[in-house]
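Just one chain follows, in the form predicted alone, and it is written as structure tokens.
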């Protein structure tokens, strides 16, 4: 593979597990299982799924906040789990920054906005003590907090939720990263300002050439912002496709279920939802497809064999026995 074809970030069969339960009855929670996808420069990939699907764990794996138990994670072709096995280096953390879901909890209430933005600028050598304030003012302006002078000396508690999240975005931009991990960045904001934050992320992607991993439970938001969508369920990737294609022609029954939950104009649903949505099988999962208990289209193999990920078309992959049988 030549350098031009090397993805900025690539996950290869990445897994992570946690021990849960008591001392005498330990159980294994498989948060992610053999997840593979890529993220290219200037691209936005949406990772979609319900609570417990493993999507936020993926962001924390990439940010090195939680350890992996298997697989490889390549940044510019270098497996960082091999080159930096114990903890991420400062150079890695400069290149990969995270925006957390809660703008109230992600900023220290003791410190001013200036402290939150100047500290990463100084830590990563992007400013000196003499010009850190002017660099912080420029970042605030870039994220739409104008005039920046009105915000830089305020404390987080004096800002609205949307303004706090813009400060968090400015802080993530300070080290000049290559990748932004946006973990449900709009879910705790008022509906009226969610679209503004999504537009801001899209603008920053184009202006700065950022790659963004957009974690969300909202398939409609993913369609609006992302170039590609990865659908997760119970720690496994169910489907990956270009955003428009996945929304128009979802191939996996779970993707179809997510689409059925998106309201049409007028407020109605595409299809009635199952009465019992079930619980994602994360702890000591049984063999077979994790979605089998909820699926309306099961075949015999669904309860005995984990479906392989197969290619349906350009950029379109799915893990489903229905399509495995059709392609053989």
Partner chain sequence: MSRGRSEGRRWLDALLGNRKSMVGLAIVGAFVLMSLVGPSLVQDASAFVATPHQPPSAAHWFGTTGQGQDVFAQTVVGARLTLAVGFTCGFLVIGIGSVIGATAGYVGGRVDEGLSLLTNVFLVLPGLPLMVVVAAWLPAGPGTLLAVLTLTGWAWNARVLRAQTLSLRGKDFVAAAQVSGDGPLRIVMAEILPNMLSLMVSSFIGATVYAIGAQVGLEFLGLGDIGAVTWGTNLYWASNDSALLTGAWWTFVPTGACIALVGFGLTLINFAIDEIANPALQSETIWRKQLSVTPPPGAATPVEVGLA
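Numbering follows the first chain given and starts at 1. Note that the structure is predicted; figures quoted are calculated from it, not measured.
The same protein has a further form, the form predicted in complex with the partner chain, not shown here; the description that follows concerns it.
Subject >> Segment that reaches the partner chain in the predicted bound form - one of 204 to 212, 75 to 83, 134 to 142, 109 to 117, heavy atoms within 4.5 Å >> reply: Among the candidates, contact is made by 109 to 117.
### Query
When you measure heavy atoms, are 250, 289 and 303 every one within 4.5 angstroms of the partner chain in the predicted bound form?
None of them does, since no heavy atom lies within 4.5 Å of the partner.
With heavy atoms only and a cut-off of 4.5 Å, decide whether residue 148 touches the partner chain in the predicted bound form. Contact with the partner chain, no.
Next on the checklist: Please tell me whether any heavy atom belonging to residue 60 falls inside 4.5 Å of a heavy atom of the partner chain, as the geometry stands in the predicted bound form.
Outcome noted: Heavy-atom contact with the partner chain at 4.5 Å: present for residue 60.
* Closest heavy atom of residue 241 to the partner chain in the predicted bound form, within 4.5 Å or not? -> No.
Contact between residue 102 and the partner chain in the predicted bound form at 4.5 Å, heavy atoms?
So residue 102 counts as contacting the partner chain.
Practice item. Just give me the single entry in 226, 232, 170, 96 that has a non-hydrogen atom within 4.5 angstroms of the partner chain in the predicted bound form. Key: That would be 96.
Just to make sure I understand: among 157 to 173, which residues lie within 4.5 Å of the partner chain in the predicted bound form, judging by heavy atoms?
Contacts from 157 to 173: 157, 158, 171.
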